[in-house]
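Starting off, we have a lone chain in the form predicted alone, written out as structure tokens.
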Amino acid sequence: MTGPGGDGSDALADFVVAGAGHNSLITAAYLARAGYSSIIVEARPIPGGGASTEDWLVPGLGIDACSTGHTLIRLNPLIRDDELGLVARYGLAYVDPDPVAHVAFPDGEHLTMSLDAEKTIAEFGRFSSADAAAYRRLLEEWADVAAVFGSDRFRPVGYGPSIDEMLEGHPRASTWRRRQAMSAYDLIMATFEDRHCQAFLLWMTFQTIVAIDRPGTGLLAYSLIAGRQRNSWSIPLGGSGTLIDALVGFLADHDVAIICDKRVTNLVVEDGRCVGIETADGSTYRGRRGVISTVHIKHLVDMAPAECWGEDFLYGVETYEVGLSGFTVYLVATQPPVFATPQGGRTAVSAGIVDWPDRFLAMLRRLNDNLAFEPDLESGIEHGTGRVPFLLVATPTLVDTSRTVDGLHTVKLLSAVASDPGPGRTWTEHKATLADWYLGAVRRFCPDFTDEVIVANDVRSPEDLERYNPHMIRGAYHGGDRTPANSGVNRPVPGWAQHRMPIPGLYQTGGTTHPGGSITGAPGRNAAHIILEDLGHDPSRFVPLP
């Protein structure tokens, strides 16, 4: 969609927005609700960033290019309270798959997580009665504090009481402070005894591709697991891009222009203030009141002279960790992967394979050092035997036929890899070998998922993912690491966590801001609150804080 100033010659609005990811669209939508105009400029041919759904393999067959699960955004007041009418007026709808997940282990055993918590507890009980009791306690204990930790996500840093203040007086405050400081890996291993239960929970906790063996990741062992138990791996009907379609519909009704195929290259700074952007074709877009960026912070600092940012800010960006690299295999098949179990065939929208905890930890340690762990390296992980440390197998068409063509299924295999394929290799050649390894692992447990049922495929290495979307530096899906050094008050840079940037008039949103990547919509909504406050409004009229 294009609007006034599509060639940049007379492009002027209250705000110019660099990038059309879901968070920047959300920011522009709340500003439009308050009466402010925006021009949104996007490098790719379509808006949406990592929330896009495209049909590049089979015409009309929607494939989620990056995100599929939308569990976290369901908790955002944007969706929970339908603040912009995306559900009521613009066609956004969600389904909560059941089963929630199904995971296979190296010894041929399986564990199925159901929306019925009692069924899941019984699954844990097949392996350990103590672990069944521990899982029940995990759900109960998180329910007691979920509102404390959840509210922090959907308000800007420094607004409202801190988590420590909210925990004050809680009978188990010290326990939760300890859990916050621990690694998710250590917490799971200390709480559960059976390796099947441990491995399943590690698989679930690693789905945001955060190094869960690092201190400060402990709460993921509670928030992700309990969140999925409550809300499943929630998916939007029609694909991840239907969230974008709803936002674009809202923005169109408020006369917001979205201009695609325009790569932002520079910020326009006049008299020390950011007043616009320039694109690669020489176009200029100006904002009367400011500029909003969802450009990765690592790229943003190259768009203005160093003296505009300040030495401390540049150091913070230099030391900002981009996160672990992803690897994705896209498949179109005539049937879904069906896991063969002693109880019969099992399918799940969110399924996967995981190795035992010691091998999982070995993978994490190699990834933290950016070392490849593929079969012919010194990892002890065999090729072709199903022994992959972590693999997510996503098949949304199991519950969403609206995105299918001729009954075909879309299947996505996702994992984390080193950004460097290893000595003497290039990703162009090696990605096929790695894809075959993952597919071979799937076939150990899903023997009917043969070459004959696959009608189209695509493989994206970290290099390919970054080429597809430059925000995914080194193929990192989520805009940056989310361990303590890069979270909360430190995201993206200590002192600059409230969306205001060192250049007056410039605001930052998106995955490099609190609370980070994934489809939460929180950075976009939080940024709108800050901007409206700076414009002199009572932002709670438009963006009430939890």
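So that there is no doubt, residue numbering starts at 1 and follows the sequence shown. Given the structure is predicted, the values throughout are model-derived calculations rather than measurements.
The discussion below concerns the form predicted in complex with a small molecule, not included here.
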In the predicted complex, the one of Asn469, Asn457, Ser223, Gln180 near the small molecule [non-hydrogen atom within 4.5 angstroms]: Asn469
Residue among Leu439, Leu414, Ala362, Val157 with a heavy atom within 4.5 Å of the small molecule in the predicted complex: Leu414
Counting only heavy atoms and a 4.5 Å cutoff, which of 41 to 49, 27 to 35, 493 to 501, 55 to 63 contacts the small molecule in the predicted complex? 41 to 49
Using heavy atoms only and a 4.5 Å cut-off, decide whether all three of Ala199, Ala351 and Pro396 touch the small molecule in the predicted complex. no
Under a 4.5 Å heavy atom criterion, is Phe250 part of the interface with the small molecule in the predicted complex? no
Consider Ser461 of the chain shown here, and say whether it contacts the small molecule in the predicted complex, taking contact as heavy atoms within 4.5 Å. no
Under a 4.5 Å heavy atom criterion, is Thr294 part of the interface with the small molecule in the predicted complex? yes
Should His514 be classed as touching the small molecule in the predicted complex when contacts are defined as heavy atoms within 4.5 Å? no
